[in-house]
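Only one chain is included here, represented as structure tokens and corresponding to the form predicted alone.
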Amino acid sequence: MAKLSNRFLFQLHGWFSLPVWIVFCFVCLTGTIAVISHEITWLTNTNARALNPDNLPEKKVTELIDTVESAYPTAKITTALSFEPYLVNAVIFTDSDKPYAIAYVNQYTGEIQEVNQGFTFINFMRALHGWLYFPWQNSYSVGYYLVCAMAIVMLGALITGLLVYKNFWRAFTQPKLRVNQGKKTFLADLHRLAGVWSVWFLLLMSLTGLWYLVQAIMWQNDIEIDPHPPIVAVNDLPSGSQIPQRAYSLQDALTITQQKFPDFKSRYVMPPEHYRDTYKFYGEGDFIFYDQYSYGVTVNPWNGEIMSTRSPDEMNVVQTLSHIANPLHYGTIGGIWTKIIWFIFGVFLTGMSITGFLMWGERTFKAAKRQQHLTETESVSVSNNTKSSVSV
């Protein structure tokens, strides 16, 4: 009975991943690369590096936006983003001859190092890993659901794998990797060893992946996680026939935001798009497990009033899950060092999907070969028996 149970669990372990092996392996691989997409960009594009040889202090995001507006007087700034300290800031704008452009602005020197009008490697990898470039329609993408479903596959493979490998904890104290006992033994040892040491990572990827699935269902059903920013009331707009000028500048609004949250580190800035729109600032604070948009302030450009705020202290359970999922999934909680750890275990996970497939392939190939051999033996035996009968 015990052997039958183990066999059933082993088959179940295989069925959790083998039917979708290629997709599963591809999602693991792209996610592993996406974790270090910022660093790959730094390595491959010198214009994306925020070099600071003179040890200058970092300029405010409003100064960087002013630099772009000075270089492109007819441009309309839509967003300003900041990433790692070693990557330039990105100021996104449109112009008469540029329907979409990203200015790479060095936050220390204020120099515009490149204007990119195409797709960035970072966005490419995140989109490839996130929804496999399936189109979005009616707030959902088939690819996004497909990727999220891999969390179920991963969690099932993890649970059944631990049930089959009952003494898995020995891999921590007595790691075993036999390299001289054949390919099958080597693959099995490697698969089990990587799996046991990656238990925490598999569990983390599974749970965050399941959250992304829940999040997608909420999006598709128009269930808000973070409320939409408010807009300025019509009565608050200045009256008159002339085109009004906003009483509060972007820098004023940033000062108001920093007065509200003294430890605020700006990551995402969006100037008003129309007269009833607000200044929007999103950033991070001292809560390392929350993403770079966990703090937020919207400021009325006409009277300087704070119209809405966001912070970890104010979040409900769903909002908290929404803002801690990405740092845990992509390993950004501790900067480049945790990214490296996530990348290494991402390699383990991708390798496990490959070794699992190779083990299955070898076992299946050998079983088919054995069956063919038995069939040929039986045929020969039947033929010999027939000849003997004829002779008699």
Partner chain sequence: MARAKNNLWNRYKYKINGVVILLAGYFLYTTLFPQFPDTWAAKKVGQFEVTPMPYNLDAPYFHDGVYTKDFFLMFNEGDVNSIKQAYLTIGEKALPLETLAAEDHGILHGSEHGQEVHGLAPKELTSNHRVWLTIQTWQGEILLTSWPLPQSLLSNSY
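Numbering follows the first chain given and starts at 1. What you see is a predicted model; the values in this text were computed from it and never measured.
Another form, the form predicted together with its partner chain, is not on view; read the next lines as being about it.
Of the candidate stretches 309 to 317, 217 to 225, 256 to 264, 189 to 197, only 217 to 225 has residues whose heavy atoms lie within 4.5 Å of its partner chain in the model of the complex. With a 4.5 Å cutoff on heavy atoms, Phe348 does not count as touching its partner chain in the model of the complex; it lies far away. Interface membership of Leu177, defined by any non-hydrogen atom within 4.5 Å of its partner chain in the model of the complex, is ruled out.
Interface residue remark: Leu146 is counted as part of the site for its partner chain in the model of the complex, having a heavy atom within 4.5 Å. Its partner chain in the model of the complex comes within 4.5 Å of no heavy atom belonging to Pro85. This chain lacks the partner; the member of Val115, Leu162, Leu132, Ala171 within 4.5 angstroms of its partner chain in the model of the complex by a non-hydrogen atom is Leu132. Note on contacts: among Ala247, Ile288, Val234, Ala71, the single residue with a heavy atom within 4.5 Å of its partner chain in the model of the complex is Val234.
Interface residues of 254 to 287, taken as those with a heavy atom within 4.5 Å of its partner chain in the model of the complex (partner not displayed): Glu273, His274, Tyr275, Arg276, in sequence order.
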